[in-house]
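This text opens with one protein chain seen in two forms, each one given by itself as C-alpha cells under the names structure 1 and structure 2.
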Structure 1
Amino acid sequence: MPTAIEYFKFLPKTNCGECGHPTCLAFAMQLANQKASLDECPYVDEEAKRTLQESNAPPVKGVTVGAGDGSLRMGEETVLYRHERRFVNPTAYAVAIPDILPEAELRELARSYLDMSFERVGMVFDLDMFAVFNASGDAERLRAAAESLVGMCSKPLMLIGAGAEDLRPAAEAIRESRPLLYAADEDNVSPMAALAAELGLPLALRDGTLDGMAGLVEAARKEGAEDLVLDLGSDSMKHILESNTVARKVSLRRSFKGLGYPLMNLVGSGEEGMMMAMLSTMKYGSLVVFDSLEPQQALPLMTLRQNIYTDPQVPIQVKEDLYPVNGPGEDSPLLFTTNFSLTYFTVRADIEKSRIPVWLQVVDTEGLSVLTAYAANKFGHEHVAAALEASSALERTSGPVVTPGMVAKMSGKLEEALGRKVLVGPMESGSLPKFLKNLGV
C-alpha cells in the first residue's frame, strides 16, 4: 500500500485545508493509515487517482464465492501479522458431500451440518460452505446434487470434478449461486478456465509447487479467468506451512504477482485433518475443505478462527440493551455492567448460577471493562442513567438497582439521577450468587 510520502507526491501541496486537514502532508498521513479518502481532496486529477487506486489495491485479490446473503469474501489481505493491521476475511470451512448419495440422504447429511451451530461471546459459529464432489462420475448426478443443496440453503457451493465437461451441467444450472469450480491443473487448465470465464465463476487452481502454480495462474488469466483460488497442496503440515507462508510473503511484498490470490487446503478428516485445518487457519488459508466434520471438532476450530480474525485493537462487544436472566419479573433486581464481552458473559454466567431472576443492563463503553471504562469516563452515572432510560428498564421493574462494587463511588449520584435506591454489589462477579440470594427478592 502507498506510504504517506507516495500519497503526498500526488497532492496539490497548497495546504488549503478544504479536505478537512490542516496540511497536505497531514492528509497524506491519514490516507496512508486508511483514515481518509482521496475523494476528499477536490484538486487531485483522475490520472493520479487511478495510479493511487492501483497501488492501493490489496496485494491478495478479493474473490467472492456464492451470491446474496450467503456469499463469502476471500482474500483482500494486506499484512503478514495481525498486530500490524487486522486480517480481513476469516477462513471459510466447508465439508464435502458426494453426489452418489440418494437425495434424501444427501439432504439429511447437509441438514446435520446446517444444524451444527454454536454461540460464543455473542457471535454465532456455523459451517460456511458445501463442497459437492462428482464421486459418481456422472455429470447429471452432480447437477442434481448441486441443485438440491441450493434449494435447501443459501450456503455457497464448491463443485468438484475431473474436468470442465463433468462440471458444466452443474455449473450452468446453479450459475446464479456463483459456485467455486474445482480444480484446474496443468492437464485441464485451458478448458476449466474457459468455462469459468464463460460463466463468470471463480476457479480453483491446483498445483503442489509455487512455480507450477504461477504457470497455472498465467494460463488461467489468458483464458479470461480472473477470480482464482489457489490450492498449493496439503501433503503434510510442513508443506502447508511453507507453501502458504511463501505465497503470502511474496504477494505482500509485491515481488511476484502470480500468487496474490486466496489460498485453500483440502485436509481430509480425523485428527490429522484437524491439525492441518488449524495450521491453515493460522497460516493464511482462506478456505479449508473437510471430508467430514464433527461438532466437537468444529467448535474449537471456529474459536481459534475467531481469536485470529477479530481486530486486536477493538475488543469484542455486546450490544447495549436490557437482558433478562433467569426469567425476571416486575420486582426483580436490576444490575448493570459494561459491553466488554468477557465482562458481560462472566457476569451473566454468575447470575445464571444463582438462579435468581435478574434484569441485566449492558452499557455501551466501547468495549472497555468496568474499571477501565470508569477511569476513561465512559461508565459514569450519567452513562448508566441514559442506558436505563433508553431501554425503559426502570419501567419494567421496581426492584433494587445494583451497581458493581468496583464503581461504588457512583452509587450516590446514580441514586439522584434515577430517583431510586441504589445498592452496592460485590467487587467480583463470582460473589453475585451469594449476594443475590441474600437480597431476599
Structure 2
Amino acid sequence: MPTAIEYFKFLPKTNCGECGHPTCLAFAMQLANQKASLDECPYVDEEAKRTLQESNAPPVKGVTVGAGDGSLRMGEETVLYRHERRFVNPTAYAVAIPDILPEAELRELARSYLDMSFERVGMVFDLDMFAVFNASGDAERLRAAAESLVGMCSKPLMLIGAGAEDLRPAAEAIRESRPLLYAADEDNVSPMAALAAELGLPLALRDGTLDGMAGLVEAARKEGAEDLVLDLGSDSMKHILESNTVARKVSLRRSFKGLGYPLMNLVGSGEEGMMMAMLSTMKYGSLVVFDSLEPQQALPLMTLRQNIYTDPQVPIQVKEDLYPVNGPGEDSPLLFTTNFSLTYFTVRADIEKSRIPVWLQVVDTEGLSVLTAYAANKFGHEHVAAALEASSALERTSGPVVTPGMVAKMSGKLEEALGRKVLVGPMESGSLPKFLKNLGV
C-alpha cells in the first residue's frame, strides 16, 4: 500500500477542494487509510494512476480459474508462515485426462475422479480440476475432450498443449468456463500470451529458473496477459522447496516485483508425485497437477491441505460449555471431555460419526488432554460436577452421564456428586460410535 506521502507526491498541491477534502494532504491521508478513491481528484493524470496502482497491487496476485460454482481462486497470499495469518486460498489439485481416449473412456475416467471424495471432520474433500492434455497432437480432439468434460461437471479445466494454435479451438469453445492455458515458455510466450489476452483467460508460464521466469512474466504482460500462474519446475523436492520459497519471499518482501503470482507444480504420479505434492501444499503451491492419483494417496494429501490452511487464530482451547452434537434431546446421553481442542475435535468427530444425539460437556482443563489433566488434578470429579452445574446440563437431559474410559476411576465419586447414573465409556474415542450404539438410546 502506498503511504500518504507517496500519494501526496502525485497530487497537484493546489488545495482546490474539489475532492471534498480541504487540502491535497488531507485527501492523501484518506487515500492511505483506504477511505477515499483516487478518482475523486480530477487532476491526477493517467500515468500517476498507473504508478500508484502498481504499488497498490497485492504482493501475490489473485487469479480466478473456472467460472460459476466450481471456480477457484489462487494466490492472494500475504505471509510466509501460517502462524502470522491464515493462508488464504488452499492448494487446488488437478488430474490429467488425455484427449486421446475415446469419449466413453474419457468420461469414465473423469467420473471415477469425481467419485473420489471423502468426508472428514464435517467437510467434503475432493479433486478441484481436470487437466486436459493434448496427447493426440490434434487441436480438434482437445476441443472435443474439453467440451465433453465441461458438459459433465463444473470443475475448472486446464488445457495443456504445445502451442497457441493447439490450444485455440478448445480455448475458444469453452472460453466461458475460464480454463487455465498451459503453458507459455521462452519459445512460444508471445503467441500464447496474445491468445490468453485475446480471450481474457488465465495463462500458465513455465521456466525452471527464477530469472528466466521473471523474463517470461515481462514478455507475457507485454502481450496483455495479466492473470498468470507460474510453474517453476518440479525436477526434485529440493528444487520445488527452494524455487517456491524464493519466489514467495521476494514477492512478500517486495524486494522483487515480477514473481508475485500463484505458483503451480506438475508432479507426475506415484511416490515422487505424492512427495512433491505434499511439499508443494505446505510450501506455497496454489495448484498441483497429477498424472494420476489414487484414493489412498488423495485422502492423506487432502487432509494435509485442510490442516495447513486452517485458521491459526482458532484457539487451542475450546470454551467450557455444553455442546449439542447430532441434535440431542431430553434423554440423550451426556458425555464430557477436556477443553484441549485436539481432544475435543477427535471426540466430537467420533460422536458425529455415530449419528447418535449426544450432549458434550467441555471441562476447562487449561488445555490439557484427558490423562495429563487427570494426573495434574485438573480433571477430577469435582471439576466435572462444577462444569455440569454451570451449564445446567443435568436439567437439559435425564440421560446417563458417561466418563471417558481413561478416567473410569472417577465414576463412583461422580455418581455420588451428581446423583445421576454414571457409565464408563471406551478408552479410545474411536470406539465411541460402537459404544453409543450399544447404549441403545
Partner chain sequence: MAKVPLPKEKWSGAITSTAMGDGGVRLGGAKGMPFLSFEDPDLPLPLLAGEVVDDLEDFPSIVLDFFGEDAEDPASWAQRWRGMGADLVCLRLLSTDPDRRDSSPEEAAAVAKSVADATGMPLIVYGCGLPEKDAAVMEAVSGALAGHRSILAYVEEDSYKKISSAAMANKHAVLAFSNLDINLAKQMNILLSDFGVQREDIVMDPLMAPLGMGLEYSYSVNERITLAALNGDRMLQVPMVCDASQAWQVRDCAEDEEGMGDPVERSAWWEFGTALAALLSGADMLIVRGPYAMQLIRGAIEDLGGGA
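Throughout, rigid core stands for the largest set of C-alpha atoms superposing within 1.5 Å between the two forms. One-based numbering along structure 1's sequence throughout. The model shown is predicted, which means the values in this text are computed figures rather than measured ones.
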Which of the two shown is the form predicted in complex with the partner chain: 2
Per-residue C-alpha change between structure 1 and structure 2, residue 404, threshold 2 Å, rigid core fit: yes
C-alpha of residue 46 moved at least 2 Å between structure 1 and structure 2 on rigid core: yes
Rigid core superposed: residue 70 CA moves 2 Å or more between structure 1 and structure 2: no
Distance moved by the residue 377 C-alpha between structure 1 and structure 2 (core-aligned, Å): 21.8
